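A single chain comes next, written as structure tokens; it is the form predicted on its own.
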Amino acid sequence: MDLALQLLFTGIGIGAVYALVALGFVLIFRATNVVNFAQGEFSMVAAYLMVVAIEAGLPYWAAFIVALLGMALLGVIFNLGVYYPLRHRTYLPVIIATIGASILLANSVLAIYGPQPQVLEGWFETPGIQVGPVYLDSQYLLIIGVTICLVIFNFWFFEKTLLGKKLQATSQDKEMASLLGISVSTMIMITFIYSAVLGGLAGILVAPVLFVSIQMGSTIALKAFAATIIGGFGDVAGAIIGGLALGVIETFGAAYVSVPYKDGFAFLVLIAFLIFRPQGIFGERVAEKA
């Protein structure tokens, strides 16, 4: 029982990272109807920006702000350089462009910084606290706390603010939103900036737990993409629940089945959902006329 509680806490912490990246997938998909396969590389780039900023002598909090500002700028560049020129094309060229951008980002960081993994220290000097039989790692506590705050913020922002409602209107019907005076291009730009910052935040939070490496972005992205499908593609709540569920399943699978194959459990669950419930947990069946 004690081990199960420990694994549950760890799984939720890892799953929260997947949930944040999955949320970026969903936001861009709802705004543009395409999947941004460079979302995971946003996490990797932000983690490297943190490492570079700290090595340059900035304090941790300043390096954090610099990294997030850098991700916001990357979101602008990504929108203008990858999505905007192809906005009137079908979804396939845009998806291919995001895959190309993902490869470009990974290889650019590799060329600049080299293949050697880096270590990023955590926010807190205290490694964690013991609560009964469960050891609560401080970094996992931070990840879970930030994720909860962002879930609350997203609900307030999209449901209670005018800008949030404009973003929702744009995602539902761009043509109608434009007729109502909403700047669709601006809304899509904001979505890319926000999703880049979300991905970057996830990378910064998980970096002290993992090594900062070129491969970390693709690993996180694959799990987050699986989470969006399991939760119901395009559903915000589904992305969060799917990410948390995958983190827990992966952690328990590694502990009780096999550590070397822990990355495969997420995809076994994904395959099961594609077979038995392809619309995901919160998705709805779409009927088509013959």
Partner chain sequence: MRLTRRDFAAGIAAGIAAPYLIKGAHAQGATIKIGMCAPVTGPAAESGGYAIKGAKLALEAVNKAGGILGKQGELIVEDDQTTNPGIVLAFSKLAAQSDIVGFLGSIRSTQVHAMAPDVIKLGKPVMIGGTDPNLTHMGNQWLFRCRPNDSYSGRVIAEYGVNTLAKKKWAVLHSTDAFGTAGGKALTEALTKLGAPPVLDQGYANQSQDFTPVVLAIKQSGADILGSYFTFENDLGIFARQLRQLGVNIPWVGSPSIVNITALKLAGPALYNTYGVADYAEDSSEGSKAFGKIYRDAVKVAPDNQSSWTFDAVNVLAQGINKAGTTEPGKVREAILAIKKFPGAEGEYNFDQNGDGLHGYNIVKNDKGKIVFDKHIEFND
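The model shown is predicted, which means the values in this text are computed figures rather than measured ones. Residue numbers count along the first chain shown, from 1.
The form predicted together with its partner chain is left out here; the points below concern that form.
Although the partner is absent here, residue 72 sits far enough away that none of its heavy atoms falls within 4.5 Å of its partner chain in the model of the complex.
Although the partner is absent here, residue 62 is not a contact residue: none of its heavy atoms lies within 4.5 angstroms of its partner chain in the model of the complex.
For residue 108, no non-hydrogen atom is located within 4.5 Å of its partner chain in the model of the complex, even though that partner is not displayed. Its partner chain in the model of the complex is not approached by residue 193, whose heavy atoms all lie more than 4.5 angstroms from it.
When its partner chain is considered in the model of the complex, only one residue from 79, 171, 154, 118 comes within 4.5 Å through any heavy atom, namely 118. Here is the short version: of 91, 158, 211, 84, the single residue with a heavy atom within 4.5 Å of its partner chain in the model of the complex is 211. You can rule out all but one of 95 to 103, 201 to 209, 185 to 193, 143 to 151: in the model of the complex, only 201 to 209 has residues with a heavy atom within 4.5 Å of its partner chain. Taken together, the three residues 3, 7 and 14 all come within 4.5 Å of its partner chain in the model of the complex, as judged by their closest heavy atom.
Contacts with its partner chain in the model of the complex, taken as any heavy atom within 4.5 Å, map within 257 to 274 to 259, 260, 262.
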